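Only one chain comes next, encoded as structure tokens, the form predicted on its own.
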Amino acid sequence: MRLLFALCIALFAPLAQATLPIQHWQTARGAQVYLLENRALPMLDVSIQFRAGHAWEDKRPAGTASLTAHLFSAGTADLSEQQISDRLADSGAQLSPTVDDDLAGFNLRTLSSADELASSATLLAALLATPQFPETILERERARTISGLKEAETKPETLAERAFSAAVFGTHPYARDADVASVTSITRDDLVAFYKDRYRADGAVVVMVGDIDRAGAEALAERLTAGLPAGRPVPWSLPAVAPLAAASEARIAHPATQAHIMVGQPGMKRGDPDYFPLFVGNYIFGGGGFVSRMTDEVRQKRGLAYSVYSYFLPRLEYGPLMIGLQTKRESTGEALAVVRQTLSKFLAEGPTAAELKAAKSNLVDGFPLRIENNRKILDYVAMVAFYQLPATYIDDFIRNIEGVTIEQIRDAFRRRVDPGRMATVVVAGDQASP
């Protein structure tokens, strides 16, 4: 194991430390393609993404995006679900769907040898071109999803997440959340129509990292996108997320002994000019685990929670700023007071010089581990590609972290974080607390 670890470091360290030579072009049908060659291992990682996440479901039932993505492998025009599984096993390839609010798509990992790559590419192209969404398999997956939802809906964390999303996003598509009723109503026609609308070649983003040259990548990108539906023109942008007009607080009864607390508001989006001051500042405030100010105030000094955290989740439009923790029911009021006091002090004073120095050191030193292998590099390049960030985003990441100042953090937080317009959700807390 030690030898294997040393070998991996030797193979990927030079790539992680050097400028990443990302190539970019467009296919004949308008798909955006990004390539990063790395011949260290005979492997190829491929991502293909579409603006087909939950927020794009429009008037279709919530849950349509997820079921659509997961049923691509249920059958093609020529292959059954079992045959698809057998083909993947025979070639040693790994294929997994990915779905979130903004996007949906697939990650493929395959050997780069001619036979295995051809087999994997042929299969993925067929899945994208002729998914059948068989009714019998839809019924099975719908029942499985409903079973999972029924169980999840008994948990306080699920109730808190749903109430928080509704409070922060209101009627925006980011507030959509599948439930038993919506999933029950999903039909095969919904899946087919969603596929035709959202899985279009002119909306595809293809990323390849690994053992393939430019000519091979061009041929593979054309092959994967050639059979995608032409479809009708559909919107490629989401409505803006409105800022909260005022503070709100929701308390939801639950028999759990721990109160689940979430506090937040719309935060920032990808490509936000305040991204790095907010990112570094949040690491100091609540995103840095045991070295964050929130952990020090809530856990270390007062023992009110085992874990307390905060994060910004940037999306195509403004994603949430969320502060979360769990505490004893009887400690709900005290814990909330400490959270609010800590936030107010951070907004007023910003971080100390020592906090900023430590945060930069941790973030910079940890960055190479985020791009230490092809799969992690693929995730980063796919994020840059999908959100149309600058081509040098990864190369500039450390330099941007190092350039953040106390004044920038203080200014960004004061402009972007408003304690007077935050949503608070408490599940299983002391219902009598103010």
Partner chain sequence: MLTRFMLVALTLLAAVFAPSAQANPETREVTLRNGMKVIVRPDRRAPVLISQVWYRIGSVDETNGITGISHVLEHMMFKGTRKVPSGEFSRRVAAAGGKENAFTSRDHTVYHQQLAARHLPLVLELEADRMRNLVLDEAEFKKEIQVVMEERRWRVEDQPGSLVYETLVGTALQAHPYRIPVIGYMDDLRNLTIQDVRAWYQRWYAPNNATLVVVGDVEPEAVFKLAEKHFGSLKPSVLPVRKPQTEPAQNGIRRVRVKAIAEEPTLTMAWRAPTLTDPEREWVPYALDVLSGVLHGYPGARLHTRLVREQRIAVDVDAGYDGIGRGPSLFMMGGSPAPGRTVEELEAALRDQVRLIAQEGIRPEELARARTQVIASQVFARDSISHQAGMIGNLESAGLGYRSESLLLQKMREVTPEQVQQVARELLRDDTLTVAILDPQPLPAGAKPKAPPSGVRH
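As the structure is a computational prediction, the values presented were derived from the model and not from experiment. Numbering follows the first chain given and starts at 1. For clarity, a rigid core is taken as the largest C-alpha set superposing within 1.5 Å between two forms.
Just so you know, the form predicted together with its partner chain exists too; it's not on screen, but the next bit is about it.
Site residues D101, E334 and R399 are none of them in contact with its partner chain in the predicted bound form, judged by any heavy atom within 4.5 Å. Shown alone here, P235 lies farther than 4.5 Å from its partner chain in the predicted bound form, counting heavy atoms only. E151 belongs to the set of residues with a heavy atom inside 4.5 Å of its partner chain in the predicted bound form. N374 belongs to the set of residues with a heavy atom inside 4.5 Å of its partner chain in the predicted bound form. Using a 4.5 angstroms threshold between heavy atoms, V168 counts as touching its partner chain in the predicted bound form.
Residues within 4.5 angstroms of its partner chain in the predicted bound form, judged by any non-hydrogen atom, belong to 293-301 and to none of the other stretches in 337-345, 310-318, 293-301, 186-194. Interface residue among A353, A246, A215, A114, judged by heavy atoms within 4.5 Å of its partner chain in the predicted bound form: A246. Comment: its partner chain is not present in this chain, but in the predicted bound form one of S96, T122, S361, T130 has a heavy atom within 4.5 Å of it, namely S361. Residues from 254-281 that approach its partner chain in the predicted bound form with a non-hydrogen atom closer than or equal to 4.5 Å are H254, P255, A256, T257, Q258, in the order they occur in the chain. With a cut-off of 2 Å and the rigid core superposed, A305 has a Cα displacement that reaches or exceeds the cut-off between this form and the one not shown. Fitting the two forms on the rigid core leaves the C-alpha of A256 displaced by at least 2 angstroms between this form and the one not shown. After superposition on the rigid core, displacement of the C-alpha of S331 between this form and the one not shown amounts to 2 Å or more.
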